[in-house]
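Just the one chain here, the form predicted alone, laid out as structure tokens.
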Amino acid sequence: MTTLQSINVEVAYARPDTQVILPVELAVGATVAEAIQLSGILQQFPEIDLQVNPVGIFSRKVVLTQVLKAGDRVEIYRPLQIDPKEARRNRASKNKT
């Protein structure tokens, strides 16, 4: 049960084959890094490297020291496989032929 001294957030991570959203209860003033650690997601997905993988809250990039608010969804992003501009160019060139 949530008290005035705690907040509820979610930690999300997705791979091409699976998506996980884990609820976490934290103390008021907790950070993105603390939510990720307490969620257990790093044990579930050992490929996550917080020195490499960017993080965000509701699709907005943030730093690991960002303080969370009740209801936030912490998202851990995978590195891009291809630059979006390059992908667009590739699609456009395929459509011209």
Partner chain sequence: MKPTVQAVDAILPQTQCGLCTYAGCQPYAQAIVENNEAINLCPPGGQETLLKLATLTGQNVQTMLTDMADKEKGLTAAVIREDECIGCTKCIQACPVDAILGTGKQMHSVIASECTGCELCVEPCPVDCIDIIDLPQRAYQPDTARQRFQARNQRLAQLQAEKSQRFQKAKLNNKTANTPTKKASINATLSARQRYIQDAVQRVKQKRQHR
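In this text, rigid core is short for the largest set of C-alphas that superpose within 1.5 Å between two forms. Positions refer to the first chain, counted from 1. Bear in mind that the values here come from a model prediction, so they are computed numbers and not experimental data.
FYI, the form predicted in complex with its partner chain isn't displayed, but the following is about it.
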Gly40: touches its partner chain in the predicted bound form, heavy atom cutoff 4.5 angstroms: no
If we define contact as a non-hydrogen atom of the residue within 4.5 angstroms of the partner, is Glu10 a contact of its partner chain in the predicted bound form? yes
Contact of Ser59 with its partner chain in the predicted bound form (heavy atom, 4.5 Å): yes
Please tell me whether any heavy atom belonging to Ile76 falls inside 4.5 Å of a heavy atom of its partner chain, as the geometry stands in the predicted bound form. yes
Of 10-26, which residues get within 4.5 Å of its partner chain in the predicted bound form if you count heavy atoms? Glu10, Ala12, Tyr13, Ala14, Pro16, Gln19, Ile21
Once both forms sit on the same rigid core, is the C-alpha displacement of Arg15 at or above 2 Å between the shown form and the other one? no
